[in-house]
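One chain is shown next in structure tokens, namely the form predicted on its own.
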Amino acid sequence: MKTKLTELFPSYQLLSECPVEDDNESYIFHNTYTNNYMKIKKKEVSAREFALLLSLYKLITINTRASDSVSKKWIQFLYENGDAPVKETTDIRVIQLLYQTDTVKESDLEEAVTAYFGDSLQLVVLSSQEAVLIEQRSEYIQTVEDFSSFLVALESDFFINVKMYIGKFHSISPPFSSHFLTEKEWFSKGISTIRAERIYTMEKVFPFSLIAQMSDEMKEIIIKEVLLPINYDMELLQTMQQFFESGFNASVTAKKLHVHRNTLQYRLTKFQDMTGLSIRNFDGALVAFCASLIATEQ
């Protein structure tokens, strides 16, 4: 595909990041499947080709308000290690937003952020598809539950469907930009490997990245020892995964799976009988968790 596009459009560029400045001479298209961006000179695109590209990709318009002083300073700080718009002693984290909705009014997003978080988070719109929330470390730190409720409100009140990556707090001193760009990579990995998720973190993405780098030989061992004996029973595997993610807490696991505790105990026992692995100790639970991830990628 890349070769064909290059042949059609000599200026074609494949980008991992969305440009933050508009040169007014190029189209920017977003491939939502790979989370990459394509830049093509407008003069090389005919009306028919433009219509075809629109049917395959999303057209990105660069935020014209990024020239406003605060937004511009944050963008320069995040992408170019420019001066931070906050005190040098401040720890901050970046919460990335990727819109799943075709058209998002910036005013709606601003209204939603202000209504939900007040002035505790700074919204910086990067493009028609991306924005970030800057949170400074304070007495109260927004939780995953807070952000989850925010996404529900966005969808129900403003019809904005968003995927989110919650970054880690770091000092604003250099190299904060490298932290941010690394988190953007993790976000892309998460979107490409865990499509059903709405909120991503390093902890959520890391296991999937680890499985992706696992050798075929190791995967075959897990398939032979775990997946084949249970005949790829996805209900069992999802139960094992949730039990692991819930810290081996049966009550929490049962609640998240919406099953009776006795049903959970039955599944745990059944899995152990079929595989010989005890899900109630860390070693067995880890193998079962890896097996659940391998099963989902096949």
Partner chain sequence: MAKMVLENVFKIYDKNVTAVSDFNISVEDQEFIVLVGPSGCGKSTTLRMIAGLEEISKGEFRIDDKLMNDVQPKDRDIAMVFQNYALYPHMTVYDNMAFGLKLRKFNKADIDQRVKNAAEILGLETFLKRKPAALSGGQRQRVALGRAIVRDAKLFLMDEPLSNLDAKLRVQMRAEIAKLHRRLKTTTIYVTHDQTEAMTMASRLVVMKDGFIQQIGTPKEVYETPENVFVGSFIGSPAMNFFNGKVVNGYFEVGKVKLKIPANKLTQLIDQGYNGKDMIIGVRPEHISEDASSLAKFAESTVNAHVEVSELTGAEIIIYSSLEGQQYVARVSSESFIQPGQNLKLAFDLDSAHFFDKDTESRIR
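Residue numbers count along the first chain shown, from 1. None of the values given here were measured: they were computed from a predicted structure.
There is another form of this protein, the form predicted in complex with its partner chain, and it is not shown here; the text below is about that form.
Novice: Exactly one of 45, 53, 230, 257 has a non-hydrogen atom within 4.5 Å of its partner chain in the predicted bound form; which residue is it?
Specialist: Spelling it out, the residue with a heavy atom inside the cut-off is 257.
Novice: Find the only residue in 204, 198, 73, 170 having a heavy atom within 4.5 Å of its partner chain in the predicted bound form.
Specialist: Partner contact (heavy atom, 4.5 Å) among the options: 198.
Novice: Since the chain is shown here on its own, which stretch among 77 to 85, 220 to 228, 109 to 117, 90 to 98 would lie within 4.5 Å of its partner chain in the predicted bound form, judged by heavy atoms?
Specialist: Of the options given, it is 109 to 117.
Novice: Is residue 210 close to its partner chain in the predicted bound form, meaning a heavy atom pair under 4.5 Å apart or at it?
Specialist: No, residue 210 is distant from the partner.
Novice: Counting only non-hydrogen atoms and a 4.5 angstroms cut-off, does residue 158 reach its partner chain in the predicted bound form?
Specialist: Although its partner chain is absent here, residue 158 would touch it in the predicted bound form, with heavy atoms inside 4.5 Å.
Novice: Is there any non-hydrogen atom of residue 181 lying within 4.5 Å of its partner chain in the predicted bound form?
Specialist: Because no heavy atom of residue 181 falls inside 4.5 Å of its partner chain in the predicted bound form, the answer is no.
Novice: So, residue 297 and its partner chain: in the predicted bound form, are they within 4.5 Å at any heavy atom pair?
Specialist: Judged by the heavy-atom cut-off of 4.5 Å, residue 297 is in contact with its partner chain in the predicted bound form.
Novice: Do any residues of 134 to 153 have a non-hydrogen atom within 4.5 angstroms of its partner chain in the predicted bound form? If so, which ones, in sequence order?
Specialist: Read in sequence order, the residues that approach its partner chain (within 4.5 Å, in the predicted bound form) are 148, 149, 152, 153.
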